[in-house]
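First, one chain by itself in structure tokens, the form predicted alone.
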Amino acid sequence: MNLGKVYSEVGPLLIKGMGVAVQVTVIALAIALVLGMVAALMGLSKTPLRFITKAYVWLIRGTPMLVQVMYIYFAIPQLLQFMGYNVRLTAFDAALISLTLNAGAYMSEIFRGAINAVEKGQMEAARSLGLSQGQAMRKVILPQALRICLPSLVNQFIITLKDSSIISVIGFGEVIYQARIYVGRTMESFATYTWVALFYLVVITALTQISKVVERKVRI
């Protein structure tokens, strides 16, 4: 129950775990930004590609993150092995793929909503100036849409960072995994998970404040 004593032992482990969680979150979100934008543009197109986006978003939003992680880490390699491909995923690989696919689906909806929020006359004005639809989207619509959705993207970073705690179930060395190892060795459940909660509370509060600052600057 000695919080100070437990922190001196578990603190470095939690800091290490938080660093790992932030690292995989940043990489996943960098890829998810591209994935989300591509999916959003496919979803807004008049081609059959929009059905791929709808199926992707439906699948991700309709299944728990835990199921997605377990499926990618355990089920996909087994399926590939059955097909004759000897593929093994590390915990980091599965964590990165899971977070990327999950965040990408939600980002596609964020981008789609932001693009739809741009006044429709902007596209018509850009086309009247001689820009093609692709040029108008890239040079006129998307910059305005990114400005609109920036606070939501920062919020998605917070959500994805919290979701990274779920990936401890596959042995990924983030905060919860480090805490479970320590508790298994010392049985100091109360003090350890109190520090875990405080770690997340501090980090998420800081990111929330950053989100508010970004939102205020965007509104100016």
Partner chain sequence: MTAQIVVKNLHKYFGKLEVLKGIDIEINKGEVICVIGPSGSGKSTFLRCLNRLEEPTDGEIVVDGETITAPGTDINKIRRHIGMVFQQFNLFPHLSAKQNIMMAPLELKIKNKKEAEEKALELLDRVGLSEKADVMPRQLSGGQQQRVAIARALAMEPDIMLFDEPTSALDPEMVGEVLAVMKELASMGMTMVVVTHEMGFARDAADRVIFMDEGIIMEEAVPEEMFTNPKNPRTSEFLNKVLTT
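Note that the coordinates shown come from a computational prediction; the quantities given were computed from them, not determined experimentally. Numbering follows the first chain given and starts at 1.
From this point on, the text means the form predicted in complex with its partner chain, which you will not see here.
Asks: Does A125 make contact with its partner chain in the predicted bound form, using a 4.5 Å heavy atom cut-off?
Replies: Looking in the predicted bound form, residue contacts with its partner chain include A125, since a heavy atom lies within 4.5 Å.
Asks: Closest heavy atom of L131 to its partner chain in the predicted bound form, within 4.5 Å or not?
Replies: Looking in the predicted bound form, residue contacts with its partner chain include L131, since a heavy atom lies within 4.5 Å.
Asks: Could you confirm whether V140 comes within 4.5 Å of its partner chain in the predicted bound form, counting heavy atoms only?
Replies: Output for V140 is yes: heavy atoms within 4.5 Å of its partner chain.
Asks: Do R147 and its partner chain come within 4.5 Å of each other in the predicted bound form, heavy atoms counted?
Replies: R147 belongs to the contact set for its partner chain.
Asks: Only one of 131 to 139, 96 to 104, 68 to 76, 81 to 89 has heavy atoms within 4.5 Å of its partner chain in the predicted bound form; I'd like to know which.
Replies: Comparing against its partner chain in the predicted bound form, the contact stretch is 131 to 139.
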